[in-house]
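One chain is shown next in structure tokens, namely the form predicted alone.
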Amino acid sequence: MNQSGEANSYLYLFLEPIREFLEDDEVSEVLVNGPDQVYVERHGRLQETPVKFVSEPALRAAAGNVAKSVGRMLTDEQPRLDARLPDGSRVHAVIPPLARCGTVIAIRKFKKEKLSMASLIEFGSLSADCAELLSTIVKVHKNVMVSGATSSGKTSVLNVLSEAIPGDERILVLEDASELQLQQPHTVYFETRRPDKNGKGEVSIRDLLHSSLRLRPDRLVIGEIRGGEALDLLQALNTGHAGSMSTIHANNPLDCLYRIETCALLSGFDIPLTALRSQVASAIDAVVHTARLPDGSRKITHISEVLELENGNYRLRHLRRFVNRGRDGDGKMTGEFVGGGELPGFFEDARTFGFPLREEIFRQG
């Protein structure tokens, strides 16, 4: 057994009641809502289990031991835990009195098999035409935001997009908790740090972003944009760091741009809205939107190009989108990926870079 496996076995001792789910490859997420309620996610659907912890003190002790084992603290002074296990699985915990039902733990499990464009096509998450378009967008150094709701597959899609980055580029990866696994040899990973018990020593995504710009990146890959670091990212993208990518929570591609705008306003700088929107529209070239459908499946529903502002408002050109056709006899969502009827503004750029796109990809569906 490797060191990661040994470390996980040690940690699983603290979480013995849910160990079977942590070792079950079909379970993608484990949700503990206090000592008496445990849910798991299988194939995109939540299921309640009969599993219970002995008591709230036992559950809280287990969460505290997990925190200590990965060098974090979970105390009355720091009642929230954001960490990752040795195998890459992500853990978040909140203890009472913040959590009224008792200690709450969410474990998003690390996938042993790495997703690829080919596997997403096989799963029906995107089409071959979409894969060709996405690969080209990355190869011609367009800045990409992957948007979607919680658990819609944003990080997985970001990982897949990174496949198309050439192996001779220097990539800096910035995350709150390391999840991304890029295959390129010249990849440097950074991770944020929470403050200590005295409130000191915090290193945020914004701090890492400042450092990364002095470390000669060819591309920046940021796990998720949540706050004022959005403004720093916009400035970086508008000053020569083309081909960078990140994720953000949003309900649709247009909402993605408004979310970036809102996060940038949290930077503390007083920026005229028109100037900020101009920066957003100039910095972001494409939005890749993900969604979890009612049947639990995850799909890339939109690949959209960001256009110039019109009367101060954002505009998008949907290059490919998923059209829902309802459910089949087994209750699974059916549909197809269709073109938007217009060529992207970077169509000729792709040819110049040596990655010509087929016009039929964009034909009206």
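A quick note: this is a predicted structure, and the numbers were derived from the prediction, not measured. Note that residue numbering begins at 1 and tracks the sequence as displayed.
In what follows, reference is made to the form predicted together with a small molecule, a form of this protein that is not presented.
- Though the partner is left out of this view, Lys142 does not reach within 4.5 Å of the small molecule in the predicted complex, counting heavy atoms only.
- Mapping the unseen interface onto this chain, His249 counts among the residues with a heavy atom inside 4.5 Å of the small molecule in the predicted complex.
- Within 4.5 Å of some heavy atom of the small molecule in the predicted complex lies at least one heavy atom of Ser125.
- At the 4.5 Å threshold, heavy atoms of Asn238 stay clear of the small molecule in the predicted complex, well away from it.
- Heavy atoms of no residue among Gln78, Ala83 and Thr192 are located within 4.5 Å of the small molecule in the predicted complex.
- Screening Glu163, Glu224, Asp207, Asp295 for any heavy atom within 4.5 Å of the small molecule in the predicted complex leaves a single hit, Glu224.
- Screening Ser156, Ser178, Ser282, Ser89 for any heavy atom within 4.5 Å of the small molecule in the predicted complex leaves a single hit, Ser156.
- Stretch-level contact analysis of 212-220, 260-268, 132-140, 116-124 against the small molecule in the predicted complex, using heavy atoms and a 4.5 Å limit, identifies 116-124.
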